[in-house]
Every structure is written in C-alpha cells, then in structure tokens.
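Here you get one chain, nothing else, as structure tokens; it is the form predicted alone.
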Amino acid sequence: MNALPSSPANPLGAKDRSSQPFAYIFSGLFVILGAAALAWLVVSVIRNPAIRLVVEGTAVESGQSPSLIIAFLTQFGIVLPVLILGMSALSIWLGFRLRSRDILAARWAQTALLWLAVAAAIAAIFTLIRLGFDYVSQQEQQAAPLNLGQLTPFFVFSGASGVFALLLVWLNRRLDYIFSGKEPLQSREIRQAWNLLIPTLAVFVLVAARPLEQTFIRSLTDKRFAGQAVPNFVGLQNYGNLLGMRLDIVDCRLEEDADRCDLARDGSIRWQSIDRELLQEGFRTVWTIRLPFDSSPSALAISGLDQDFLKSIGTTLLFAVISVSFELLVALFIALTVNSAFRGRGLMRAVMLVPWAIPTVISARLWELILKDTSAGIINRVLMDIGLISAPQAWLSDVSLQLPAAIMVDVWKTAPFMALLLLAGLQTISSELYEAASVDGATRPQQLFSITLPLLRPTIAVALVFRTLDALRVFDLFNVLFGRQQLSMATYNYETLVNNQQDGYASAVSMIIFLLISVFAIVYVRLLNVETE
C-alpha cells in the first residue's frame, strides 16, 4: 500500500517529525558558533591590555598614551575583525537556513564543518610546534620546564578539530534522513570552487593581506623607525603631505632695465616663484610647463608639499613607460629572430639570457664602468670614435643624462626576460596559419600584424604586467647608479625609512606605490582584454 500524503492538519510525515529535532540541533550549533565568535571578539577587545590602558587612561613608561583607534588597529588590525564578523554572520544565517531542512544549507554546513576541522587541526599543530621551540629554548637557558597549562591551547584546538570531524561524519551519514531536496549542479560546482579557493585565500590573508594591513595602519601614524615612543594617530595627514599639489600660472622673470624674459645659462626661461603665502605653507614648485597658446610668456607651475616624492613619481613613471616600451620592441625583435629556423638557434636562446641572469647590482656596477664620464668609458669612447659627440659625457652625474642612462641599463638587462616570455607565446601559434596566409599572398609584415600580434596579445599583456610592475618599484638600479641624485619611488621610500627614520611616512609611500602598481595592472588587463581570451 502506498503511503498517504500528508494532510494540511498534519503537514509533516512521521519521518519528517523524527528528523526535525536533528535539524534544530544543527541549526542551533551554527547559531551558537556564530554568536561565540562575536562574543570572543568583543571579550578579546575589552580584555586586551593595550586597549584597557587607553580606556583607563593609565600612562605608559614614556609618558604617552596611544589613541583608542591605534590601540585597536595595532592589536587586532582590520582583516581579522572583518573576517570574524563576516564568518559569524554567515554562520548565524546558515543556522537559520538549517531550520527549514534545506539541502543547500546542509551541503554548505558540510563544507563549513570540514574547514573548521582542518583549521583547528592546523592551529593545534602550529601550537605544538611553538611549544616545542619554547621547550628547546628553555632547556638551553636552563629555565623552568613547560607546565600543563601551556598545553591547554593544544588540547582545545585538538578537541575542537575532533568534534567538528565527528559532526561532519555524522551529518554525512544522516544527511538524506534529516534534509530533503536535491542540490542543483550549479550549486555543487560553486561549492567545489570554494573548496579549492579557501586554501588560496587563507594563504593570501597570511602572506599578503596581513602585512599590507600593518603597513596601512602604520601609515596612519607618526611612528618612528625602531623608536620606542608611542605613535600618534594622524589619519590621512601623511597622504595629504605626499599628494598635496596645486596648479598656478606664473610669469617669466624680467631682466633688469629691460622688458624681456630673463634666461638661464642653458637658454631656458627663468620663471617667477609662487606666492609667498604658499611657500610658507610648504609648497615648492616641482615642474614648470610653458603655456604654448599664451601671447605673453607664462607657464603652469605644478607645486607640492613633498617636492622630492612628486619628482620621484614623475621619474619612476617616465622610466617605466620608456624602458618597458623599448624592452617590448627589442624583445619582440629578439623573440621573432630566435623563433625562426637557423643554425645555432639553441645557442642563441641560451646566450640571450646572460644579461638577465646577472644580478642587478652587479650589472649596475658593470655599467658604471662602461658609462664612466671620461674617455676611458666604453660608451664615450665609441660615440667619440664615430663622431656623435666631441667630448666625454657625464652620464651618471649630469641630471639630463641620468634617466637615459638608467633606461639603457634596464633595457639591456631585462629585454631578454621579456623576449623569453614572447618566445613562449610564439611557440603556441600554429605554423599552418602562416602557410595559409602565404598561399593567400600575405607578405611578412601583413602576417606580423594580422596573425602574430593579435594571437600574441595575451602573452604581451603578461609580459607588460610583469615588467611594468618591476619597473615601477625599481630600487637597486637607481640606488647603485645615482644614490640620492636621482630618486625613484622605492629609493625615496628607503631614504625616508632608513635615513629619516619616518616609519609612518614611509608606510604611506609604500601604500601609494602599491595602489599605483594595482592601477597599472588593472589598466593593462582591461585594455588588452586578457580576461576574454
């Protein structure tokens, strides 16, 4: 006899009624887990010694007291509270979904229990390793041995991992009894994707997000490098000083007893300075650009509060754009050459990587000798012999020649790396395409622009991203060749941190470099449509 359907007066069958308490148990478990995580965060914040120090107004040894926001950010950061709040909200939401015995909620509960068990087990292992190092250190120092209380975190994490694992096994066995319905294929694929993504996200948080977070937190303070003083919260003041700019129109300086513009020794026009009030506020002129469509000689004066940093931004951007452009052209020529069939191609591919294999510091020292500002320098001697220059040039001390010299060295060193990437892309292009194009009468230049470059676009995008990111954070080349004579953003950051001891200010510089690099990477991906390939 077939089972009778449930009536409106009795909407749940016998099986449903017997399984309903189990659904409520799992629902309550996830609600309790979410609430417990929130409670742990609140209690940890309240009981934290640094935060209690600020709330109670107790002075520290240095006579200073940090602000509440700095105390919270220093102790807990931003990523950890956001993760706990988000996971707590998800756990509570999942708990309420489990009350309705939804099969989708049950599958996600399986995923949550799995990763909770794994996380607790990893925490137990790291705790045991740390206790082992502490034990060895105490034995070397002949200190008191470890007591049982120090093993409490290990037992807690181990027990939690075991409990979560048992709940997962029990849920897997009774899943069809407690919950009803069928999981769609799309939902199953999404869960599998998250299972693969969660370890990557965990590593990203530990390796990248947390250090970046600490850098951002320090950028909001006036912290001194290796200093013991308590830093003060300054908000966005460091960013305001770094990026503070203004535009003004200035006229040329007139010669004495003459109604014409005064000229410098190099023949350029000398311009008036900005208003005295702006100078008192800290603004200094960084660039002066003559206006082309003005009848009377006038110029646009770009001023900033941090003249050196703005100059370093301009120098770095100019260096990155020019050097990467030349590297792309040279690398494309090299890749097309070594990709063709000729005798000795294998040796050529190996030899072309020699400049890239040399460490940057060594290659910079090598080029320092090549660019020597006397006739003993190879570059000066060659250019004088062929008649391009009449006297030796000071490549590394003349401000107008420093950037071209750095670009020359960088192109020589890193073009082979980009050529290697492009060569890998050329190897994926089928030769049948070129044969068909030749049959149709296409010339070599037409094949280059119609076949090679379009199909090589994703590889070019990857090469440009790698090289541009590397060029924007160039440090060792500028530091070895120029020192403080010509600053990139990275060398300015080094000078600010090490020489000026301004940790908070240098952290703000680091964040601006990070944001600038991110913008370049996004622009490259968008313009070259890499995501659609």
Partner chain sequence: MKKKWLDVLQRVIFYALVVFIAVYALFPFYWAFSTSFKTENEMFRRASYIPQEPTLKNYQYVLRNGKFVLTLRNSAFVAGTTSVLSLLVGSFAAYALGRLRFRGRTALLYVILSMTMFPSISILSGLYTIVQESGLFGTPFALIMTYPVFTLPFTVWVLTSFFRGLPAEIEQAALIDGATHMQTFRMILLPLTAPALVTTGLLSFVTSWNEYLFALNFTITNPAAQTVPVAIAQFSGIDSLQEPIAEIMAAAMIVTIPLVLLVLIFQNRIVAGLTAGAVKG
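Positions refer to the first chain, counted from 1. Since this is a predicted model, take the numbers as computed values, not measurements.
Although not depicted, the form predicted in complex with the partner chain is the subject of the following passage.
The closest non-hydrogen atom of Tyr177 lies beyond 4.5 Å of the partner chain in the predicted complex. Using a 4.5 Å cutoff between non-hydrogen atoms, Thr215 counts as a contact of the partner chain in the predicted complex. Residue contact check for Ala23: none of its heavy atoms lie within 4.5 Å of the partner chain in the predicted complex.
With a 4.5 Å cutoff on heavy atoms, Cys261 does not count as touching the partner chain in the predicted complex; it lies far away. Val354 is the sole member of Val354, Leu291, Leu318, Val399 with a non-hydrogen atom lying within 4.5 angstroms of the partner chain in the predicted complex. With the partner removed from view, the residue among Phe155, Trp170, Phe333, Phe96 that has a non-hydrogen atom within 4.5 Å of the partner chain in the predicted complex turns out to be Phe333. Not one of Pro49, Leu90 and Trp287 is positioned with any heavy atom within 4.5 Å of the partner chain in the predicted complex. Figure note: of the listed segments 236-244, 206-214, 279-287, 430-438, the one touching the partner chain in the predicted complex, with heavy atoms no more than 4.5 Å away, is 206-214. Residues Ala490, Asn493, Tyr494, Leu497, Val498 are the ones in 481-501 with at least one heavy atom within 4.5 Å of the partner chain in the predicted complex, listed in sequence order. Here's the thing about Asn499 and Val207: their CA atoms end up at least 3 Å closer in the predicted complex than they are in this form.
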